[in-house]
Every structure is written in structure tokens, then in C-alpha cells.
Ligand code: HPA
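Only one chain comes next, encoded as C-alpha cells, the form predicted on its own.
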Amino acid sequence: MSRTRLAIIGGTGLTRLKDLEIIRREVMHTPYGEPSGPLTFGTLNGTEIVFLPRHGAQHTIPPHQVNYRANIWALNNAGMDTVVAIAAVGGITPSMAPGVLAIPDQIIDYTWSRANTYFDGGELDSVTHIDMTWPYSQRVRERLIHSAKELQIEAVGSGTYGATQGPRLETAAEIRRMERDGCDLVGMTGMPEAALARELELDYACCAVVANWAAGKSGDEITMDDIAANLATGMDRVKQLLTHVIGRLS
């Protein structure tokens, strides 16, 4: 049996892994432009992984300008076959309170104008479609959920992620529409990342940290200070979860 090669994509609040023992950093050049930053190769809890901060090392790339195609292509080209993507999100339904971790099993794409496929060039032999019935890897999701239970970390093991364009936050009316559509979470980076990973046949799952109630859900204005405070707590749990789950994934 071949060994799983694991990549972690860090989202808002996770631009580096504190306990990662760095082996090397590698600048990757792709047919789709530059990734968000160099790939960081290292070991975490004795297991080799690759880490890539989605928004850049200094968190300077907004969600609508992330080069998702370059990021996923670079990880695949480096030999990775499994990806855990960390994302900061807003909570829509009652179980998705700030600070909770969620492992979504579905996604709805509300983004537009993002380069969202590798199958759009004139070099294709035929039109190519991918099955996105279940957009996340069940194997990876199960490992994340099981590890959260073992660590007694509060985590919701399902849910629908609504991916919006950003970089602005949503209106209360938009969140009401998303809730009617069946969304439990709202974020800005879930697509096209998940679809691109599927196109390259990577085992991909999302671990979402609820940073705030979505617009109109708490009655209060959403402030960056509140988001930062909830992310600090949530990302500590994510780091515990990643350290625990890595051995099970590899």
C-alpha cells in the first residue's frame, strides 16, 4: 500500500503551523501562475506534510484573488494526494456557533468569475466533467470527525458550506437566502478549491472554524475584533486536531 502524502492549506488565522519542523521551502512555478507562497515541507508529530497558506504568509491575498488553480496544481505536482483545507467561516444554523469546528459534507457555490477548472483549454480531446455529488473525501472527513471525538473537541460532522465571492461580508438578506438554500456555513474560499482538487483526483476535505455568526444571526454588527477572538480559540483546536489526525491520515 502506498503512503498517503498529506498537504494542509491554512486559511485565515492559520498562516503557519507553530509545531511544524521545517525541512525546506520550495517556490513552485505552475502553468497557471504563482501559488499563494512557497510550499513548506516539514514534519508534524513525526509525519511528513506540506503546508501552504492560502492567503499568503502575511495574509495579504483576498479570497477572490487567491490563485486556486496554481495552489492545487502545485500541491499535486509536489506529489501530494490528500489535502486538509482549513477555513474560517460564519455560522448560519444554530449548531454552528462561534468557536465550533465543522467538517462539511456539501457545498453550494455562489462565486463568480474565478478561474475554476483545469478543463477549459483548447488542448482537450473531449469535454470533461467531474462528479461532485459528494464534494469532500469521506475517508478524510471520517478521520477528522473521529479524531475530534477522541480529543473531546466540539465538532459538527456534517453541514453545507455556502461559498460567496467576498471580500465583503454578506448582507442579512443574503444569509436568509442561503439558509433557505440549505447552507449551514458561509465562507469565501471553499470553491473552486474543492472542485479543482477533485479534477486532479486529490482526497480533499475541509475543516471549518466558525469565527462569527453570519450577518443578521446575532442582531449585532460583525466586528473584526470578535472574529479574531473566536479564531484564536478555534485555531488552537484546529492545531490540536491536525497534530492528532495526521498519523491516521498517513
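When you see a residue number, it is the position in the sequence shown, counting from 1. Here the structure is a predicted model, which means the values were calculated and not measured.
The discussion below concerns the form predicted in complex with hypoxanthine, not included here.
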### in the model of the complex, segment of 85-93, 104-112, 133-141, 70-78 with a heavy atom within 4.5 Å of hypoxanthine
85-93
### Message
Residue-level contact is defined here as any heavy atom of the residue lying within 4.5 Å of hypoxanthine in the model of the complex; does residue 179 satisfy this criterion?
### Response
no
### Task
Tell me, yes or no, whether residue 212 is in contact with hypoxanthine in the model of the complex, where a contact means a heavy atom of each within 4.5 Å.
yes
### Task
Although hypoxanthine is absent from this view, report whether residue 169 comes within 4.5 Å of it in the model of the complex, heavy atoms only.
yes
### 4.5 Å heavy atom contact, residue 190 and hypoxanthine in the model of the complex
no
